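A lone chain, given as structure tokens: the form predicted on its own.
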């Protein structure tokens, strides 16, 4: 019963948080639920590594290594952000940020909405990873939009509402295309036995007979899915909602959007990639993915180089990493898929940690504009500044951090597979993003001596930063055997081995 419990626990937490009367109750519900969710996700991963893919509820829920990895990363981010959110939202309430307009919701109502919507968002992401039926997976991805759009507009500012509206409109158009892609996939499977039943859209059924799917239908379906779920992932040119949403949402929610939500969208692409690639063979699908992946990487470079806002910088950097992972998926093969799964794991840890550091800086200085911060962050916030710089070095692929390993594997796979132009552009775009991120964050953290007003102690947030920082350093040198086995199994699923 791990599979249904895994998404029902955070769903119940969302309902209970909405019914809770006091802030402390909401905090306790979220912390307890996310801790239990993480334990369940670890249990699922262990079961999948030991026994292979598992099913529940008559095949309605299904988890292989890819599902277990995405669920585990989502649960980890949910738990860490739940711890961080306690201190962050308390400071927001103390500083009057939640006051809103005279006719708007009260600070308590806003807190209740945040503590209710966040576990509902995580529950939806987990359902995406566990749903066997591609139609149910689309519904779950749509549910992530419904939960997160209110988090983007959480503060009720004009810029927040504009970002939420932009996210809802662009995301809605993208998901409409994904819905058409799902329908066309169902049409492509019409000749398979049992295609007229609900199980006709089960991924485990379609993957086993992908070679029998209608090829013209799968070609159209994959284009629609790439545009649809690519919008959700923020792949260029469907990325324009991302910088606004990430810079306006509460930092704990932005951390989830930049890591777990990205993994959710990529998971949808991976599932359809497996079907389309097995149906159509080499050529069309890989080339399309490499094209969009490199476009995302290349487009992010100038925006990273000239960026003035550090939360928007992280958003454009996430667009770059979405492009990296889509490019890796297109390159494929044993090395490409292994690089993809490793990169997804490492990026989730590093990017969520960067957003938590950015949240500390934003709350202390009351700005997220580089030039408005006149002193080096490390002087007034030593722990945050040191971890911010370390996580930046990790996310841009500086050795010996783990993202260097995954990016090296992807480049190696590109040259080994004959994708020479893609490999060269990958390195060039990566160098541009490296230069921009190091330049901006280096100045922010190691800037000149200023008033050096020390930041107050933040035990809740500092504990989250320390835990993720220690994990980031640890995985640079060592991956636990079961986790490595799970990542390798996930790569084999993606590669069709």
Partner chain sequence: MTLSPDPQFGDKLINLMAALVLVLQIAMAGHRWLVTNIRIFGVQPFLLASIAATIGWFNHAPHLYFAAILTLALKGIVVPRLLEQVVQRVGIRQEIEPLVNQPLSAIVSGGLTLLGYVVAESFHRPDAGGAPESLGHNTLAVAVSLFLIGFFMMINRRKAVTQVLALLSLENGLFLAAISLTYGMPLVVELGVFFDVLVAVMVLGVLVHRIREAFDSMDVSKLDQLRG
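What you see is a predicted model, and the numbers here were worked out from it, not measured in a lab. Residue numbers count along the first chain shown, from 1.
One more form of this protein should be noted, the form predicted in complex with the partner chain, which is absent from this view; the next part is about it.
K.L.:
Using a 4.5 Å heavy atom cut-off, which residue among 274, 381, 290, 168 comes into contact with the partner chain in the model of the complex?
P.N.:
It is 168 that has a heavy atom within 4.5 Å of the partner.
K.L.:
Using a 4.5 Å heavy atom cut-off, which residue among 97, 369, 192, 179 comes into contact with the partner chain in the model of the complex?
P.N.:
Looking at 97, 369, 192, 179 one by one, just 179 meets the 4.5 Å heavy-atom criterion.
K.L.:
Picking from 255 to 263, 154 to 162, 124 to 132, 353 to 361, which part of the chain touches the partner chain in the model of the complex when contact means heavy atoms within 4.5 Å?
P.N.:
Among the listed stretches, the partner-contacting one is 154 to 162.
K.L.:
Report whether the minimum heavy atom distance between residue 278 and the partner chain in the model of the complex is within 4.5 Å.
P.N.:
No, residue 278 sits far enough from the partner chain in the model of the complex that none of its heavy atoms falls within 4.5 Å.
K.L.:
In the model of the complex, does residue 316 come within 4.5 Å of the partner chain, counting heavy atoms only?
P.N.:
Residue 316: contacts the partner chain in the model of the complex.
K.L.:
Might residue 60 be said to contact the partner chain in the model of the complex, defining contact as any heavy atom within 4.5 Å?
P.N.:
Within the cut-off, so yes.
K.L.:
Does the 4.5 Å heavy atom contact test between residue 343 and the partner chain in the model of the complex come out positive?
P.N.:
Residue-level check for residue 343: no, no contact with the partner chain.
K.L.:
Just give me the residues of 123 to 157, first to last, that have a heavy atom within 4.5 Å of the partner chain in the model of the complex.
P.N.:
Heavy-atom contacts to the partner chain in the model of the complex: 133, 135, 136, 138, 139, 142, 143, 146, 149, 150, 153.
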